[in-house]
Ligand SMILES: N[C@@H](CCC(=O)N[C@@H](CS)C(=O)NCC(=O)O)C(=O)O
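What follows is one chain in structure tokens, specifically the form predicted alone.
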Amino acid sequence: MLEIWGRPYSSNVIPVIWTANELQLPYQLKLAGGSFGKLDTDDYLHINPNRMIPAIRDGDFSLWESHTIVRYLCSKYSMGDLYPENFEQRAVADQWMEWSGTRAFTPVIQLFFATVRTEPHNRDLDNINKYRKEAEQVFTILENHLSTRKWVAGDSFTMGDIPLGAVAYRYFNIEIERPALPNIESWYARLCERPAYQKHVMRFFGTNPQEWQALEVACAVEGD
């Protein structure tokens, strides 16, 4: 059975868990990282020498790096669907997966840490505004791209929507001001209709460090 190593609330693990559920793959979640530890064990060293999450073990095959795992699962179990057969469509999906990691992820995760993971009395408003403006600039690019298509790579949901979809949930659920982004909002609404997205991405992550920690500890029932 497929093993997924990581934490359900980790921003890099979420796309992997979501992908496995989109594909309806049976898997075992091996809780690791953060308060769950296990990253310094000899067993995990053979799975991921970086001692980071996520990683998977698919039979005798191990793989790490979140987006690479998403591509692997989609190509192996969803060729022609989540992993497009058309070279151009596949390239566009791949392009936006890369863009998600290089452009969209950073300002959103910084906003997350500056708000949810920081006590209210310690929050730096100048820092929050800096990353809020950066996120606005970045998401304007996606907004323009989605003006002519329903999904990132065209008219159907593909692997290209997965990393960005995970980032979008955090962006729309952090307590900050956001500009009107009608095309992204429509795309996000379509994501919210997907059962796997509802269950594995749309997790309330709290509004402060105490709520976050309590929710992460509670997720232990999902692993072993």
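Everything quoted here is computed from the prediction, not taken from an experiment. Don't overthink the numbering: it's just position in the shown sequence, from 1.
Keep in mind that the form predicted together with the ligand is not shown, yet the notes after this line are about it.
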The ligand contact at Pro54 in the predicted complex, heavy atom, 4.5 Å: yes
Ser66, heavy atom within 4.5 angstroms of the ligand in the predicted complex: yes
4.5 Å heavy atom contact, Ile174 and the ligand in the predicted complex: no
Contact flag, Asn21 vs the ligand in the predicted complex, heavy atom cut 4.5 Å: no
Partner-proximal stretch of 195-203, 158-166, 29-37, 181-189 relative to the ligand in the predicted complex, 4.5 angstroms, heavy atom: 29-37
In the predicted complex: members of 1-35 within 4.5 Å of the ligand, any heavy atom: Arg7, Ser10, Ser11, Asn12, Gly33, Gly34
